[in-house]
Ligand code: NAD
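Just the one chain here, the form predicted on its own, laid out as structure tokens.
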């Protein structure tokens, strides 16, 4: 029986993880969970799963949930809050496996502490490896514990790499749908509206990740993730546009063989893979090969999508540049969604913030968070230069 902690239990990855646990009660037990600020969902989960520890975002939310559960006779559930509560969920001594699915740097400290505590970690949080990948992967090596990717692209790479030795891998190919502006002329980018950018042709996602997909910054983050997870230089991690999103990733070996991973577009499959690794267990998540009609591929256009170029530059530099990339993008995307800047201004804010961030390699999570805060402040200073009309 594998005992599971979920960081981000009320989000889409958290819900999918709960579904996997529910469908495999003989294999998995939910032990602890961090639920953020969704008190209603947290209460329902506490009643259903009866975790040993439940963490909420704020002390006020925690007190509300604690009182309600006590009134219902569930006072034995430990209620925590804030960053300390999330760390408690991730490092509980009885936890075997931690699913890291909190969006943004909010889950960074807890994820790092889980690795330090010798837990197996399944990563569905891009920001952890983008902002602090060097620290987290170094600690995982010290603990001799795997970091198992849940993001579909990196999960696919992980599966394909089982077809050979690491020293036989020539390069990794990450597929990208191309987003809503794949065929939009560059001359029209200045006029792109928030509504257009949120209209992704393939996926339904949160607002920030949808905008990041439109700028290809999301794929840039995945390049950085791949570099950290698989210890590869950025020049050996390639992005290829694949509008059908049928192939999740490919791995090319030194003899010229290429392995591709195909499966249903259901996050329960990579979650199940991570939770059961190195085993594979039976599931009903089947892909119908007869549905394959065509597979198109093309290189991305770096002139149309400068965010991808910036991500490669950050990946090569490492340290503070990847932290600044993520922080500035979050600030710029938020400003675009509020119509304070235009679509093409997102990359300009990010580039200027990266250029003004001193080149440093933090040695602790506290340093990472300090650089993150400085980069966000720098990015805010860039915003008045770009006012959307």
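This is a predicted model, so every value here is computed, not measured. Numbering follows the first chain given and starts at 1.
Quick note: we don't show the form predicted together with ligand NAD, though the next part is all about it.
Visitor: So which stretch, 36-44, 348-356, 332-340, 22-30, is the one near ligand NAD in the predicted complex (non-hydrogen atoms, 4.5 Å)?
Guide: After filtering at 4.5 Å, what remains is 36-44.
Visitor: Residue-level contact is defined here as any heavy atom of the residue lying within 4.5 Å of ligand NAD in the predicted complex; does residue 69 satisfy this criterion?
Guide: Output for residue 69 is no: heavy atoms all beyond 4.5 Å of ligand NAD.
Visitor: Contact with ligand NAD in the predicted complex for residue 206, defined as at least one heavy atom pair within 4.5 Å: yes or no?
Guide: Residue 206: contacts ligand NAD in the predicted complex.
Visitor: Counting only non-hydrogen atoms and a 4.5 angstroms cut-off, does residue 17 reach ligand NAD in the predicted complex?
Guide: Contact check for residue 17: no, nothing within 4.5 Å of ligand NAD in the predicted complex.
Visitor: Is residue 13 part of the interface with ligand NAD in the predicted complex - any heavy atom within 4.5 Å?
Guide: Judged by the heavy-atom cut-off of 4.5 Å, residue 13 is in contact with ligand NAD in the predicted complex.
Visitor: By the heavy atom within 4.5 Å rule, which residue out of 145, 126, 88, 309 makes contact with ligand NAD in the predicted complex?
Guide: Here the answer is residue option 126.
Visitor: Considering ligand NAD in the predicted complex, which of 102, 156, 315, 176 comes within 4.5 Å of it through any heavy atom?
Guide: Only one option qualifies, and that one is 102.
Visitor: Give a yes or no on whether every one of 139, 319 and 368 sits within 4.5 angstroms of ligand NAD in the predicted complex by heavy atom.
Guide: Not a single listed residue reaches ligand NAD in the predicted complex, so no.
Visitor: Can you tell me which bits of 240-278 touch ligand NAD in the predicted complex, meaning any heavy atom within 4.5 Å?
Guide: The stretch touches the partner through 267 alone.
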